[in-house]
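Below you'll find only one chain, the form predicted on its own, shown as structure tokens.
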Amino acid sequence: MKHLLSAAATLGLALSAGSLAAQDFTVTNATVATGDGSEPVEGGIVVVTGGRVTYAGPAGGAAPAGTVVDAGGGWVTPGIFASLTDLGLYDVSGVSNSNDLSARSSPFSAALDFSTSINPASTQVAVSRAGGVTRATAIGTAGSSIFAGQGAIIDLGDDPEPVVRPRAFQMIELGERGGALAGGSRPAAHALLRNALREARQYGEASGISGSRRRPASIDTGDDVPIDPRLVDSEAERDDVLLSRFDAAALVPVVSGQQQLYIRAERAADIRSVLALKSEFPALDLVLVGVSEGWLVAREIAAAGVPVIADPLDDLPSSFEQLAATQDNVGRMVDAGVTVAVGSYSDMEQPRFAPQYAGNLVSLARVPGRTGLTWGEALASITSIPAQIAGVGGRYGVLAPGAVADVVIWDGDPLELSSRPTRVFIDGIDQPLTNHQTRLRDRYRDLDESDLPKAYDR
């Protein structure tokens, strides 16, 4: 405990919470786990300069820079990159006025851009940051169509600019829910999807929207997909009646492969149907989501080179499309060569629980006859691999030279339930770990009512 208090005091003096500028610092006296799938290194250091990692590995491998931060024998990892969250999109999920997760009455679907509604002051953002989450992909749920809309990559820094990349991907539902949204069956969902992609392809060609073959992208800002096609005015004629012009325009980057297409499918047969889409639309940049029965078709997924975002606790069939669900699913897919990230956090499945889920997969590997992950694989499944799937691999979710300094110092093994972050850095900036929950804890820690606010007077 003395070591932990010493480390916290040292850090508190070295880097003031809430600092607005990245500082050069070196974390010493730590077990370093880089998040690249390798095993942790005891007695390591992490060097950060200019908001970037310049070294992470055994002590003596690089000269310290900036302020020396003694981790007190704790652990240092990259920040958690949480795949498919609803962070920043609601305050109270049961209160519709504060909830932007779904729009069942909206005339639009694919055109919904969730980056416009991310609230960095949301309680869930602060709570997740205190749990070691530094980056995430955020999106709502499909409401009136199989298309949920366009998700964003965000950071959880204590500042007013959370969006790292808007419109990073399009999300759709197939399987049982997709069938229900499309009119009552899986064939209806597939017909709707194919019609929409063909309309988008035709519309993009006719209107010359950026991303179509007729006019190559003329504006590229580096991190972002090319200029939002909805901003391009067009007089192109359309002979369809299913998609609005807004939705059709939003799908042009999808059909051209410039925007990722996340598709939720659970049943093995549904997964095969998703993989078959590549034969009709070769440019699609697919990501499978859910994939409860993925282990049954793992070799086919690996051969297609399609990454997966899977629920690690999907261990029992809760619907007919999950009859073959097993907690061995993630481990078996990884062994087959599939790129798998642990993710899909919404409602009660908060992204701060990611280390616990990853730790469960490590424990599973130690049970005779079961298939889980190694420690290094498990950490990678919640750090570097989600970043890789999101198209920002090497930049986030890893402690490697050149990577953004999203660094978390833990008081123990981060995949153990009893461990917690003692410091979180995003872009090399020390972050506050207080939130609504910690303030409630502190207020009601004792029964002294003298410091309660006026509303508590009797």
Partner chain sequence: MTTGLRTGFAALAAFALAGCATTGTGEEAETADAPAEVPFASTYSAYPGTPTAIVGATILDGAGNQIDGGTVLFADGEVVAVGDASLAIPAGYTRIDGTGKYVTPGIIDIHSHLGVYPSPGVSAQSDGNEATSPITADVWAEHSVWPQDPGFSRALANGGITSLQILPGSANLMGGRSVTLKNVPSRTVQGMKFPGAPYGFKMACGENPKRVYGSRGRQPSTRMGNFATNRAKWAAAREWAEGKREKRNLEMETLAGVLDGEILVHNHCYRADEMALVLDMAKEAGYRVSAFHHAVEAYKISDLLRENDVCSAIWADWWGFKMESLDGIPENAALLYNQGACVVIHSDDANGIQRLNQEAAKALTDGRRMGIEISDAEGIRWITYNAARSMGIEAMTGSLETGKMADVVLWNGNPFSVYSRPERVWIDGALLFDAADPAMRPVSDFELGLPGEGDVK
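Positions refer to the first chain, counted from 1. Because the structure is a prediction, the values reported are computed rather than measured.
Only in words, not in the display: the form predicted in complex with the partner chain, which the text now covers.
Residues 313, 352 and 420 are all found to lie within 4.5 Å of the partner chain in the predicted complex, as judged by heavy atom distances. Here the chain stands by itself, but in the predicted complex one stretch of 280-288, 254-262, 195-203, 324-332, 324-332, has heavy atoms within 4.5 Å of the partner chain.
For the options 182, 306, 336, 364, the residue carrying a heavy atom within 4.5 angstroms of the partner chain in the predicted complex is 364. In terms of contact with the partner chain in the predicted complex, the residue from 356, 119, 244, 273 that brings a heavy atom within 4.5 Å is 356. Remark: residue 102 does not count among the residues lining the partner chain in the predicted complex, judged by a heavy atom distance of 4.5 Å or less.
Residue contact check for residue 106: none of its heavy atoms lie within 4.5 Å of the partner chain in the predicted complex. Although the partner is absent here, residue 124 is a contact residue: one of its heavy atoms lies within 4.5 angstroms of the partner chain in the predicted complex.
Although the partner is absent here, residue 47 is not a contact residue: none of its heavy atoms lies within 4.5 angstroms of the partner chain in the predicted complex. Contact residues in stretch 426-450 (any heavy atom within 4.5 Å of the partner chain, taken in the predicted complex) are 436, 437, 440, 441, 444, 445, 447.
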